[in-house]
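Single chain ahead, written as structure tokens, the form predicted alone.
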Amino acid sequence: MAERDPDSAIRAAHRACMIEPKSRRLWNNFLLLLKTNGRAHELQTRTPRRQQQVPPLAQHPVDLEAAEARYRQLLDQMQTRSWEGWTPSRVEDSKYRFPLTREHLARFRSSEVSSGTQTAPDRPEGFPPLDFNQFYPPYSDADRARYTPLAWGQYAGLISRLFRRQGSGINWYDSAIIDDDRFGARVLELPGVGTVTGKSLNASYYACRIMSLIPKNGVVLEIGGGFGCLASRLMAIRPDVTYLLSDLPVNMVLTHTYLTSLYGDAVTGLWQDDDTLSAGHRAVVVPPWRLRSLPLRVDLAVNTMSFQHMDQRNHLFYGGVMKTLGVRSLYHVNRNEHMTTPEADTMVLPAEQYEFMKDFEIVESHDFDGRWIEVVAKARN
């Protein structure tokens, strides 16, 4: 019986991908061969691109005391406005009472206050949910040995998706995924690439996907911005873009804190009714109740993995916001399967059937990994 020759199989699979670069089947076969032979990292050099560089990560001071006070004010607003359509669904009811101290803010990426924005390995598997009495532990040597190959596999899978989409964003991916340990992030080292987190790998993919959907000097609205990881990557790649972010109070504070640490005074928040947009601000955190009053038109609305946590009134609220702001395009990645949840939760619907999708025409729709779907849509009028 002839011996198995993985090198020849990998070379043949790679040639097939170069001949038919948009073939999902061929890329999946090639990626499987690399993964099963412990060589997922090779996709870094086997995928044709002209690598671009983003500016190095800056470090600006952040006023954590002011952030803590702002969080209390936003929580008060949420209680006062509890009947409004943006407030938490039953799935996220705990967001009414998340504790957020200066210590949590200083290390929020190792704290349960950011649990909804992170998954393993950034958030340890088996860590007690909503345990605010301890921080995530650092990686052990065993953790690094386990998770680094998984990070390479995630990296390779996202690179191959970018290449299949034929977008220029792939040229920015390697530099955009670099992360650091600010605010307690658990970083992994990918030799030849740099330090990354699971979050930075995904967020940079989204940034590279949407960069070509935004016109020059365009305006982006991210609904459910997490802690600003995607925003930070797109701002590095597209310095001409104005980036608006809106979320629940805890995430608005985390977003403002994180982006300020990277971009300083170029980041602001419209916390009070008399706060206004002004020139020079590249990122603006906007409380949901102020979105409809913004004096601008939005080119692209973005949501990644949070529409599925919203109920019908949330979807109606944000659908109305998108209409008011004249959103031209929508990009979102969300769960695309029926779920068993309370009757009022619209996350039982696949992502393509959300209520507000009737206002959009789907341009692209791609399975992400069997559970998630990636959607690009254009406004119908």
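Predicted model only: the values in this text are computed from it and were never measured. Note that residue numbering follows the sequence shown and begins at 1.
In what follows, reference is made to the form predicted together with a small molecule, a form of this protein that is not presented.
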* Asked: How about K199: is it within 4.5 Å of the small molecule in the model of the complex, going by heavy atoms?
  -> yes
* Does V193 make contact with the small molecule in the model of the complex, using a 4.5 Å heavy atom cut-off? -> no
* Asked: Going by a heavy atom distance of 4.5 Å, is S306 a contact of the small molecule in the model of the complex?
  -> yes
* Interface membership of Y318, the small molecule in the model of the complex, 4.5 Å heavy atom rule -> yes
* Output flag, T47, F163 and S232 jointly within 4.5 Å of the small molecule in the model of the complex, heavy atom basis -> no
* Asked: Which one, 165 to 173, 81 to 89, 263 to 271, 144 to 152, holds residues whose non-hydrogen atoms are within 4.5 Å of the small molecule in the model of the complex?
  -> 81 to 89
* **Proximity to the small molecule in the model of the complex, single hit among G218, G116, P121, G184 (heavy atom within 4.5 Å)** => G116
* Structure fact -> Assert contact residue (the small molecule, in the model of the complex, non-hydrogen atom within 4.5 Å, options Y71, Y206, Y258, F108) equals Y206
